[in-house]
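The data below hold one chain only, encoded as structure tokens and taken in the form predicted alone.
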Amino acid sequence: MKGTLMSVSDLPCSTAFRLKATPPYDFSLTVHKPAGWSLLTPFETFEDGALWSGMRLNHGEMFGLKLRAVGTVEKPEIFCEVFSREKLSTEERKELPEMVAWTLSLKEDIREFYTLAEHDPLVKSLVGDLYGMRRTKRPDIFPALILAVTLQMAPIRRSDQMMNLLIKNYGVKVRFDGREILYWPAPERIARAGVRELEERCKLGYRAKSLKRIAETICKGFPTLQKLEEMPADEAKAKLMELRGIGEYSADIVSPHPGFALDVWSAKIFNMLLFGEEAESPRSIIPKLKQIAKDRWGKWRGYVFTYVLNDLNNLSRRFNLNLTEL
């Protein structure tokens, strides 16, 4: 079977609703992070304070999304338009607002994280630079697993190449509101593809076998990210590590529970921030750094991780370090 981009018909039906967020909440920093991280797909569009993206619900239906802020950081409100092939069912009218709110972390109260700034110089700097930015989640688990697999043992440029090829060869194109957005492949498409085909068309190398096996497992039945969030953190992590090719680092990336997913690059950054010097062996210092993060920031270590990687330029200047060159 040859992978061909699956085009979805125009999504002519639209439904709009407003969602309130727990302050402080900065919409632009949240959905279009300074480091260039996308919210839902690398091929979404952010213009003039509005985001056009796609979303797949757990039952497989694709939707187009247009999001923009209509409130302030201290009185945050998000205006959301959902585009679909047919009018939304009663169930979808209930499910979609809940999923958008969960994805955007609108109900999460991060004020406790900000109180850390009172006695932690690093957190104080982060909060000052990125006030109101939230960590976000993914509505479906398979894109998160693709991200985790393609980040393994690869520089960012190489990971981006693999992800982009997977989307362009096996993904979904949604057309709505005058936009075309490419979205991640459904697990069913990757499960049907051959390993050699994935290797050649998407430059996956050894990762092709793992990704195909993961897709097959998801198709047979695997907890959603929402279900994993309901589990204890250790249990959710152990469940993810049952998947082929998903180790501790990859499980930390995928898990909806706060983690500290250090690789060699991020270990260099945190070692420099915490100790003011480059680590001689970044990989060997990862366990020590993870323990420090747990002891120092507790359940908010995931927020520190996200804020740091999105504030490298300011941190380099403020602490006289060359973090961006690491």
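A residue's number is simply how far along the shown sequence it sits, counting from 1. Computed from a prediction, not measured in an experiment: that's the story for all the values here.
The same protein also exists as the form predicted in complex with the DNA; that form is not shown, yet it is the one meant from here on.
Within 4.5 Å of the DNA in the predicted complex, a heavy atom is found for every one of 153, 158 and 265.
Under a 4.5 angstroms non-hydrogen atom cutoff, the DNA in the predicted complex has residue 250 among its neighbouring residues. Residue contact with the DNA in the predicted complex: residue 207 places a heavy atom within 4.5 Å of it. Although the partner is absent here, residue 203 lies within 4.5 Å of the DNA in the predicted complex, judged by heavy atoms.
Residue contact check for residue 59: none of its heavy atoms lie within 4.5 Å of the DNA in the predicted complex. Stretch-level contact check against the DNA in the predicted complex with heavy atoms at 4.5 Å: of 63 to 71, 256 to 264, 44 to 52, 273 to 281, the positive one is 256 to 264. Taking 104, 243, 167, 127 one by one, only a single residue has any non-hydrogen atom within 4.5 Å of the DNA in the predicted complex, and it is 243.
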